[in-house]
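There is one chain below, alone, in structure tokens, taken in the form predicted on its own.
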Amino acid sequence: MKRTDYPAVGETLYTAALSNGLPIFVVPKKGYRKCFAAFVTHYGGADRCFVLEGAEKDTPAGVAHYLEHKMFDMPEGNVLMRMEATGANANAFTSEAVTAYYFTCTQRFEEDLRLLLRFVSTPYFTQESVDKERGIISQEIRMYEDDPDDQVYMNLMRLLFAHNPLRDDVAGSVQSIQDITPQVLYDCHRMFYCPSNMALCVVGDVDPEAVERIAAEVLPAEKSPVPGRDYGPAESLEPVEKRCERRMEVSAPIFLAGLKLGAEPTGPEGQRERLIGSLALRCLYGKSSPAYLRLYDEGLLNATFSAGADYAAGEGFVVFGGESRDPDAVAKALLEAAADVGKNGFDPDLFQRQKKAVYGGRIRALGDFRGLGVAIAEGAFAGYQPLDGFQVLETITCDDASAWVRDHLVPERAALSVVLPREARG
């Protein structure tokens, strides 16, 4: 395995690529009892259209999430029970871009790793079990539909995007999952759960060579082509609509504003672009930023406010919001703050303080085994190494951050989603 040292942050990374195309990443943590492993596929809720053996497939919304639920079934029973018997804590999640299966343990790591690799690479679906799961996932979807935070976000996505599958919830809808069959699940597993479209990430006091050996022993040897991505027609930078509102059971109005950033950046330059954006948003909308402090003092924002950039399905976008008694006034003020920075730049002292805070936050995050492992997998799919981010961050200047705001946070790209309290009944 290749060894890369990061002496500035006290970390070491071992990497390898199996003949089947699987990249392996191991971050040794000497002296720690806890070990973490994640087997991640570059397949999420947005990956619905593909070509399998010459046939075009247009799968229903929600298949990736449905497949995540069903992957724990094995001919001999539910794999979670087997992993719990070894003392491991296993789980999974599906986002728009990836599905990750992972576990943490303090003993019997190699046994658990073999089991993780085996069950994720072994599809087993019956009509009975798929039908049973439909009722469980339908209940989960209805919970999302009653969740104001989920709905204000999904409404924003539908304001921003005309065609991209980011418009649809990762879990799909009660209607869309009716069309999910065992064959649909087998097709998607065959397409996206091939080693060349996956990554194995391990963090803990483990032998990197043993991780590579076990993966080579358990996983199929053949190499499949990396799946293509089809997210529909190209999107413009302007939203479909500028504003929407909905009434739900909330005690105070909540809002999310969003702006499109354009095509998702990839590779080392893409990593730098993401870091510039993250730092710029912290300077502009962080809890110590002038804009936030002023609106907080005026009673228009509270501690629920947050801001960040996200990237999925070939797109980048900024989202910021929280509770406010006047969402429209807040969104307007925050966009005006961006315009001021675009014109006059950030205060250099503020920028340097926030840059140090970001660096320190990334240092602390190295102790989050799950966060680090998943970030490394996502970085692999986007063509960069997150541990390189410390060195990249040092090169970012105040002018870089100011220019990012000027170029991206423009009112023409903005949309606003609001959830208001239900009107009182007379």
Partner chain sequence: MRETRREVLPGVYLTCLQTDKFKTDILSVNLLTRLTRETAAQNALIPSVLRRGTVRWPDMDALAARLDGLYGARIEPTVRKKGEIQCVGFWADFVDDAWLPGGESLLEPVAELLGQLLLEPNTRGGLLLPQYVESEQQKLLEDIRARVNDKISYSRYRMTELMCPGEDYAVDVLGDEEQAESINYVALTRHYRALLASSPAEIFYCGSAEPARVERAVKEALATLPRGELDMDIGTDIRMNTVEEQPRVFTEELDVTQGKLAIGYRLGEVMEQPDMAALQVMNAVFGGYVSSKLFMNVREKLSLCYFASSGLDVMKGVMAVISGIEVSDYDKALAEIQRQLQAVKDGDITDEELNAAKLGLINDLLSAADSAGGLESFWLGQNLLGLEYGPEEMAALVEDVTKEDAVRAARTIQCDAVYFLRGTEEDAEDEEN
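Numbering follows the first chain given and starts at 1. No experiment lies behind these values; they were computed from the predicted model shown.
Below, we turn to the form predicted in complex with its partner chain, even though it does not appear here.
With a 4.5 Å cutoff on heavy atoms, E145 counts as touching its partner chain in the predicted bound form. When contacts are judged by a 4.5 Å heavy atom cut-off, R422 counts as touching its partner chain in the predicted bound form. Though the partner is left out of this view, Y296 does reach within 4.5 Å of its partner chain in the predicted bound form, counting heavy atoms only. Contact annotation for N302: at least one heavy atom lies within 4.5 Å of its partner chain in the predicted bound form.
If you check its partner chain in the predicted bound form, you find a heavy atom from every one of G31, Q107 and V250 within 4.5 Å. Heavy atoms within 4.5 Å of its partner chain in the predicted bound form map, among the stretches 125 to 133, 153 to 161, 237 to 245, 222 to 230, onto 125 to 133 alone. In terms of contact with its partner chain in the predicted bound form, the residue from D310, D207, E336, E84 that brings a heavy atom within 4.5 Å is E84. Checked against its partner chain in the predicted bound form, the residues A61, A382, V392, L366 give one hit for a heavy atom within 4.5 Å, which is L366.
Counting a residue when any of its non-hydrogen atoms is within 4.5 Å of its partner chain in the predicted bound form, the one hit in 307 to 330 is E323.
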